[in-house]
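Two forms, one chain: they're shown below as structure tokens, one block per form, named structure 1 and structure 2.
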Structure 1
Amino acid sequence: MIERIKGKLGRENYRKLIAIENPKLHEFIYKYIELCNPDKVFVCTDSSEDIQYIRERAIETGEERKLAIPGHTVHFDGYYDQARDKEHTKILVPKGVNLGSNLNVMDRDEGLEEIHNILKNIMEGHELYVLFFCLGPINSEFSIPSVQLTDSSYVAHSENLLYRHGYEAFKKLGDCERFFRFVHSAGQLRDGISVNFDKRRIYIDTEENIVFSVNTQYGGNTIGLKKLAMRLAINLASKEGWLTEHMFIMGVHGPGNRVTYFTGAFPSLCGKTSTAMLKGETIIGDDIAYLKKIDGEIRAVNVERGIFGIIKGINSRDDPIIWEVLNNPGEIIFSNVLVDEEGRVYWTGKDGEIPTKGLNYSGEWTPGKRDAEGNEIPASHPNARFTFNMDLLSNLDPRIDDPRGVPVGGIIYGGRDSHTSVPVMESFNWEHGVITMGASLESETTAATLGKSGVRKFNPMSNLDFLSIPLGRYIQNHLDFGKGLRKVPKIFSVNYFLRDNDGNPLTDILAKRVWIKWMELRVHEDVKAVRTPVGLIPRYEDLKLLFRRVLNRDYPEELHTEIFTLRIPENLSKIERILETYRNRVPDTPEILIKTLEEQEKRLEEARKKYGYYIPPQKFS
């Protein structure tokens, strides 16, 4: 077998591979070269020449096309391959293992047999790219080396932008087996696009730390080190005593040049990216964080080094930093947007008019074009994306590559909530925050995404879709993680979507700049807070000063009263929903979760008897 493998590699690529002295790595690579049977193999080191080769191959294979602005390219996924395939994304579990009803699982033996049958000879006629990365900073206790096998030059190019290169890290690793493995094939292609999407499979084997992905090109299914690697990392973190979270990391700049670092978990369309990119603050990461306890405090790193972001709605007014990047030269991959005849891109919500014709994910496009089912095809797909390395950002925090991570001063949970939660609130303590803000996180759906608005979706820690361990254990891990710390981060909730009885927003998009500044002051106890039955809220006088200082605007006391009124019926209804979920659907729920929610329910009932159903904040001052 080795001789056949050497023939596909050639002398130079074989030399690159054997320079890494790791028998388990070689065994893995050889096994899948033999199974997938590519015509040839390219081993990508950290060198600029190898990385440039991948860029060029993406154009040569037709998976990407050059655009008008230097460095910009566009990729189109297949029309029916535009999002994460939740139905066919499964965790492979050995017989006798029960991960609970929340997870999509499959018998491990059956899954491996199926995926290996699909992979057999799937890369005939293709070139296989072998790439090495490091999840987390290089030379860090957070680091997880990772190897990606893919026959997609687009996937390889994307990962070169999104992750820290790890060939040299693998050379230093020796024969250690603690690394993640990823196998991807786009399968049969037509015009550079996967065609067998009906045989799309994404299987995650946590026993061997391997992710398999076939017959798909969409980044959420194929960029293995992103959300697919989260399942591997959550499982590993549970065993080793740390956390893998669906969180941004940002630096909030306070008085006296002080920088306080926050992590934040938000479901889709709830303000996660806009919070991480707030004007005047700095960003370390927008999506995935590893958290560890070091010297008595929680520290965090960004797993990634780039952004694979939704482009819909980005404009010069609301997103000035990203807008500047997307409209200037630099290495950027756009996906599933509209491209005009001059090679300029357009997306939903972009400044200016959309062209009357162009090329998009459906082929040649004009307004009113419909698909085979009669659905009108928009110019740019709602899930259209951009991919770039964070070095292009003007607000990049200088500690992004700190091998010790950054100290976490606060943790934020946010959801879309029209009538229950106040705009910003602090928990009483770690357990109260984990349970009532993290484990109880809900978010309302929108008509644009699911066809029916106002439905509350249960999404603890905004991580339910990516769990690979039982939910109850995941929550217990969070509770345990706060123990033994000399410096415990404060936990906050935010809600940017509160509305009045007529459905009008009560706060605007800029108000979050004030909420984040208040949270930064609270971390250092620079301002006091008002205690309510559900948490600590800001005092009016503090917010009045912050609105003037941050936004140069007045903050009427009537508005403060309206948005920070405690809504007893709505809060009680939420507790009822959450308790029902944990009592009936999560058999391993920690007892303290039920107890904490019941205690909050009791406090709300007592407040109702004393003050009524809707209680203005002045009653608690």
Structure 2
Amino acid sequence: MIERIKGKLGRENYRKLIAIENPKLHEFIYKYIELCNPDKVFVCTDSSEDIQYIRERAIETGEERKLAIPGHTVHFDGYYDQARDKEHTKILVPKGVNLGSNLNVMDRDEGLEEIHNILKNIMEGHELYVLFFCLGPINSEFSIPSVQLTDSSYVAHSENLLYRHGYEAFKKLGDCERFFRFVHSAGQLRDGISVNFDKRRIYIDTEENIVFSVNTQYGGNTIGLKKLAMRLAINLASKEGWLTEHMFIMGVHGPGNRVTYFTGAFPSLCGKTSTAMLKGETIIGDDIAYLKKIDGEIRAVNVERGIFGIIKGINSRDDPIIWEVLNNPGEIIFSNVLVDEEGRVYWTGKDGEIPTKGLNYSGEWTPGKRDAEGNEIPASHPNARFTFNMDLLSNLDPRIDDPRGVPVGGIIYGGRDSHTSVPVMESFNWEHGVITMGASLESETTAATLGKSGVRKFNPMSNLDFLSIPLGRYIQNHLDFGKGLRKVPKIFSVNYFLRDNDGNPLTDILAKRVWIKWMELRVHEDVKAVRTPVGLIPRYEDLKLLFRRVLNRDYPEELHTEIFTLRIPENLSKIERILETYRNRVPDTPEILIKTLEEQEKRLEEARKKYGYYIPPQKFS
């Protein structure tokens, strides 16, 4: 067998591989070379020549095409392969293990058998790329070394932009078992696009820390180090006593040059990246964070080094920093946007006009084009994305690669909620925040996952899609995490999507710049807050000052009253839904969760008796 594998690798690649003295790593790589049977194998080290080779392969294979601006390329995923496929993403569970009904699971033996059958000879005629990365900063207690096998040059190229290179780190590490493993094949391709999407499978084996992904190209299903690694890391973190979260990390700049770090968990397409990118602040990460308790404080690192961001709605006014990057030379992969004959890209919400013809994820496109089901095809998919390394950003926080991470001052939970929560609120304490804000998070579904958009869904910590441990245990881990700290971070909720009775948005997109500054002041107790039955809200006078200072805008008291009115019926029905879920569908729910929600319910009932169903904030001051 080894001779056959050596033949596929060739001398140079074999040399690169054995320079890492790790038998477990070799065993894994050889096993899947043998099974997938690619024509040849390329081992990508951290060298610029190897990284350049992957870039070139992405063009040669047709998975990417060059665009007009130097460094820019475009990739198209298949028409039916435009988002995360939750239905076919499964955690493999050994017999006798029960992860509860909130997770999509499958018997491990059956899953492994099925996926190994699909993988057999799947790479015939393809080149396999072997890549090494480090999740989290290099040389850090947060680091998780990872190896990716993929026959997609687009996936390999994306990962080279999105993650810290880890070949040298693997070499230093030598013989070790604590590393993540990913096997991906795009399967059969036509014009550079996966054709067998009906056999798309993403299977997660936490026993051996391997994720398999086949017959798909969409990044959320294929970029092993992103959401696939996240499932492995949630399981590992639970065993080792830390947290893996669907969170951005940002530095918020307060008075006197103070920088306070926040993490924020939002479901996909709910303003997570745009918050992390707010003007005047600095970014550490926009999607995934590892959190550890170090010396009595919570510290966080960005697992990634690049952004796979949603492009819809990016314009020069609301997202000036990303806009600048996207319109200048630099290494960027656009996916599922519209491309015109001159190689310029367009997306929904971009400044200017969308042309009347071009190429998109459905092929040649003109307005009014319909798909096989009769649906009108937009110029650019709502989940179209850009991929770049964060070095292109002018607002990159200098501590991005700090091996000790940054101290967390505040944690934010946000969702897409048209009618219940106020725009910004602070919890009474850690437990109250974890339970009523994190564990009770609901959000309307978006185009980031396959299926209908706009449906209100329970999504605790915005992390439900990625859980690989029982939900009750996951929440208990959060409750425990706040114990034994010198300084406990404050927990906040935000809601950018509040609407009036006619369905009109109540807050402007720029108001989030004010909410974040208020939260920063609260972390340091620089302003007071108003106690309501559900949490602490801002005082009118503080927001008035901040609106003036941050946005140079007036902030009328009527607006404050409208957006901070406590909506009792909506809050009560939310608690009812959440309690129903935890009581009936989460067998290992911590008792304190039920108790805390019941107490909140009681406070709401009492307030209703005293002040009515809709209570303006002045009543609580």
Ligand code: SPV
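One-based numbering along structure 1's sequence throughout. The model shown is predicted, which means the values in this text are computed figures rather than measured ones. Note that the rigid core is defined as the largest set of C-alphas that superpose within 1.5 Å between two forms.
**Q** Quick check: structure 1 or structure 2 for the form predicted alone?
**A** Note: form predicted alone is structure 1; the other is not.
**Q** Is residue 375 displaced by at least 2 Å at its C-alpha between structure 1 and structure 2 when the rigid core is overlaid?
**A** Yes, shifts by 2 Å or more.
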